[in-house]
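The chain below stands alone, shown as structure tokens; this is the form predicted alone.
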Amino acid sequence: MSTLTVPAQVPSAAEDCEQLRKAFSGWGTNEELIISILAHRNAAQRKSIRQTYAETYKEDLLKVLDKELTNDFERVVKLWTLDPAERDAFLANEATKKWTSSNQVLVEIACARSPQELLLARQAYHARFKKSLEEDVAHHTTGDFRKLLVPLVSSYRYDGDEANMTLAKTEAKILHENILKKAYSHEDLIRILATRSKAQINATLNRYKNEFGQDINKDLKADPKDEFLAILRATVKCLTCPEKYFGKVLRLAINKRGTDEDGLTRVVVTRAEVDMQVIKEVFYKRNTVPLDHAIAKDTRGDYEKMLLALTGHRDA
């Protein structure tokens, strides 16, 4: 469930562009006006605003935002303004260029999106970077990480609800045997996680739990410091219960040691139109603090206002 709030009567794209132009003119930028428009428009409306702005003022709205805004506020507004597929392409490219073995952004894009959304992100990657996501992932990663991530980002899973229970039983056994042998990067384990439909993987992992006594992710915690195991657990979570995965990312992003603004921004902009309401419920259940209170406590100014607007805070 989305937390995006769109007014009952939405102004035309031309009117929105005129207001945005006003927000950029004069001595200072009117950040509140920018938030009141962009934080309350859906993806199709934002796309129309960008097109109309370019046609009317012969300028790319994203470049204007880049010039007018700064820091975390600039990043959240620009990422939000991008078309979802373009945004995923941008985030994936950033993740490959800054690749570290603890970076789970590629797993999020490969596994928490629908097969069609991943395909659109890959097409957007071609258009923007003049190469494929797969070749960049292959170039920037090594070893077991490459063995897992290249097939994940290359996948086009079946998206139906059907599940073959005989296959689930067989593949649960294959997964368990490889985990027992600590063969975590075995080709069969990766093949199952990278190619099966989400419905089939859910059936397989339910069978795994029934047959072998606990969740697969508990068995993948043999060494908590092993970053490849962490990526495997993230893969399983993004495929089977993305709301719990993103709830945890938010919990780790907003903590006593300081705020991970990149993680916080990424989850809010990529999930606000998808399942942020469910993520908020998961967050509250785990932390006994509402997400908007946690955001308000850890962030400031226009960045805070934009995040609160996107997460459906009443006053934003």
Partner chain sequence: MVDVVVKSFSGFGVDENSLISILGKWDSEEAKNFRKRTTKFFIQDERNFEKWVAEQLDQLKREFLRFQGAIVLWTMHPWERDARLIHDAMSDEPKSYNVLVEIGCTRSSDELLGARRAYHSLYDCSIEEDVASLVIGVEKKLFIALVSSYRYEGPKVHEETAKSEAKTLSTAVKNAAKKHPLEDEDVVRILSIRSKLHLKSVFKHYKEISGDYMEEDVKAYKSLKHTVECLSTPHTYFIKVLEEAINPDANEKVKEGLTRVIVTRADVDMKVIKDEYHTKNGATLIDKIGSIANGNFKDFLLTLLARGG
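All of these numbers come straight from a predicted model, not from anything done at the bench. Numbering follows the first chain given and starts at 1.
We do not show the form predicted together with its partner chain, though everything after this point is about it.
By the criterion of a heavy atom within 4.5 Å, K181 is excluded from the residues contacting its partner chain in the model of the complex. With a 4.5 Å cutoff on heavy atoms, T195 counts as touching its partner chain in the model of the complex. Using a 4.5 angstroms threshold between heavy atoms, E134 counts as touching its partner chain in the model of the complex. For the chain shown alone, S114 is not a contact residue for its partner chain in the model of the complex, no non-hydrogen atom being within 4.5 angstroms. Residues of just one listed stretch (134-142, 84-92, 222-230, 207-215) have heavy atoms within 4.5 Å of its partner chain in the model of the complex: 134-142. The partner is absent here; in the model of the complex, the one residue of Q123, S101, N71, T170 having a heavy atom within 4.5 Å of its partner chain is Q123. For the partner-free chain shown, nothing in 2-40 comes within 4.5 angstroms of its partner chain in the model of the complex, judged by any non-hydrogen atom.
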